[in-house]
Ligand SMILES: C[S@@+](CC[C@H](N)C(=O)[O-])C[C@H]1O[C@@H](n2cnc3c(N)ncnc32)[C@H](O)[C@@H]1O
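Take a look at this single chain, the form predicted alone, given in structure tokens.
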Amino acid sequence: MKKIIQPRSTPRLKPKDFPGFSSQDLQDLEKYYQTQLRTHDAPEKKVGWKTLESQRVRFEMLTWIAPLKRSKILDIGCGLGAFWGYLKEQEIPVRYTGVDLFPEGIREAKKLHPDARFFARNILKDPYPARTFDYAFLSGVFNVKVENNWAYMKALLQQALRQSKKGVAFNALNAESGLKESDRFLVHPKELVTFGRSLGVKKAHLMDHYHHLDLTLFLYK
């Protein structure tokens, strides 16, 4: 089994490490998640979801990418490790690694799920070796509006694809949902599919029937 090499230090958020982000974007992002972690009790609200059900329905859709049994997966932006908890609850055995930018959240994830692997790591600055995992997953990672969301999505998804053997699943907020929140990044379904195909994958498959606010795109290598 290939050894996974972990970084020597925790991430330090710098604009040069985040395509599409301004300095203010990074400050706002860090402040937002620190505030969520410290002011809420429910794990799903600590990472920005309004309800447990809204988080779980997105997890369910992510798992539709393929049969995941015994797969080696990377959960990018893992928060408090709720996706790992969902996989265990559904009795889907996987070899799981969760990464997130914020050490405070990772510490809490380790307490909640001591049986899983969690690391504070920016995979743009410190990626895993190519094809380390079978699949990579990103849930809620692209919901916050920044200076250039498309540039950030492209950079992060390209890295996720490089570090995966089979594919990547991610979600985004649906611009056709009627959601009126100026700080959220919204995309149109056709626009998202076109973008996914531009990443050089063999297939991009859109799922848009499971939640009126949400879209999930499967990228197959």
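In this text the structure is predicted, and so the values were computed from the model without any measurement. The numbering used is simple: start at 1 and walk along the sequence shown.
This protein has a second form, the form predicted together with the ligand, left out of what is shown; the following refers to that one.
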### Task
Look up in the predicted bound form whether Phe102 has a non-hydrogen atom within 4.5 angstroms of the ligand, and give yes or no.
yes
### Task
Please run the contact check for Leu156 against the ligand in the predicted bound form: heavy atoms, 4.5 angstroms, yes or no?
yes
### Query
Is Ala136 close enough to the ligand in the predicted bound form to count, meaning some heavy atom within 4.5 Å?
no
### Message
My question is simply whether Ser164 lines the interface with the ligand in the predicted bound form - judged by any non-hydrogen atom within 4.5 Å.
### Response
no
### Task
Considering the ligand in the predicted bound form, find the one stretch among 140 to 148, 127 to 135, 85 to 93, 107 to 115 with heavy atoms no farther than 4.5 Å from it.
140 to 148
#### Entry: in the predicted bound form, residues of 202 to 221 near the ligand [heavy atom within 4.5 Å]
none
